[in-house]
Ligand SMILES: Nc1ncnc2c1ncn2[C@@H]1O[C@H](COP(=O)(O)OP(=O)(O)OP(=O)(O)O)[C@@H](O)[C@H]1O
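Heads up, the chain below is alone and in the form predicted alone; it's given as structure tokens.
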Amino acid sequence: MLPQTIDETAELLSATDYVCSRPLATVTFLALKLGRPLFLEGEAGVGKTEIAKALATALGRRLIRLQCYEGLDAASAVYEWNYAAQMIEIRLAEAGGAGSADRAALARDLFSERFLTARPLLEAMRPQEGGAPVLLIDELDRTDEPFEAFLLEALSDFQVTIPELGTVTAPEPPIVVLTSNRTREVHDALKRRCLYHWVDYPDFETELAILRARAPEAQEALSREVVGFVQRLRTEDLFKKPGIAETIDWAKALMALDSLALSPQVISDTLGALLKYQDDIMRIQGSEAARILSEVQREAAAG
């Protein structure tokens, strides 16, 4: 059953350890209530993909993911024919000396459901046990405009066409979540079909709540230092700022080393769990890490 209020939506997500802001809970509730796709933009690692996973888990729905990439076309996103199996069927018919009637039946059978491989968009249009699935169209900004145009039509009518079989219409529209890291602008026509939300990096208290939920075994003092350090790190001039996923990974790495508190040496030794570019690591390790940690500790003592 879908949540009936914004508070119920926030509680539903919280039950899966997804901590979200009131505005994000609101737009998620409206997307579910109105049956509109939810379009989430933001930096990589801020939790856009995770909300689709959390919704699928909380609602008991199947999660179907379409991972976008450069060159993705409609055929790859909807369906493919199993050409290898079709060729085997043809060879077997030839070996058996099939007559003209048999060949006509074979021609019809070759393009039937038996040889069809459903890709994410077609799979999302089919009936599902437990209700309509959650369709995650991840990193849409990696595709090009022709695919966006196709997606616009598919999401408007919640149907796709297979020339050999006809049109497949979803008996119940899927719950659609689209994400973008904004490496390029997505066309306005597609955005207009969706409810839009910019997912920003969380503030200190929200990120601390996320870390408590995802790494509950971490000591409170260590969690506060980790979040404070990461929050300060995001104000530095870095090629790639650490996301929430990196905060969680770093905390777990520190726990694996039995670290009870941060130190410049521990930070330098484990920066690879937090930063993913060597230039960023070289910039932060050593005296810079010590400076940032000192500022974090001073603020914590003053607060």
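Start at 1 with the first residue shown and count on from there. In this text the structure is predicted, and so the values were computed from the model without any measurement.
FYI, the form predicted together with the named molecule isn't displayed, but the following is about it.
Remark: of stretches 254 to 262, 267 to 275, 38 to 46, 25 to 33, the one touching the named molecule in the model of the complex is 38 to 46 (heavy atom within 4.5 Å).
Using a 4.5 angstroms threshold between heavy atoms, A245 counts as touching the named molecule in the model of the complex. In the model of the complex, at least one heavy atom of E139 sits within 4.5 Å of the named molecule. Using a 4.5 angstroms threshold between heavy atoms, H197 stays clear of the named molecule in the model of the complex.
Using a 4.5 Å cutoff between non-hydrogen atoms, V78 does not count as a contact of the named molecule in the model of the complex. Residue in contact with the named molecule in the model of the complex (any heavy atom within 4.5 Å), chosen from E295, D279, E288, D17: D17. This chain is drawn without the named molecule; in the model of the complex, the residue among N181, Q231, Q128, S223 with a heavy atom within 4.5 Å of it is N181. Taken together, R119, E123 and I162 are entirely out of contact with the named molecule in the model of the complex: none brings a heavy atom within 4.5 Å.
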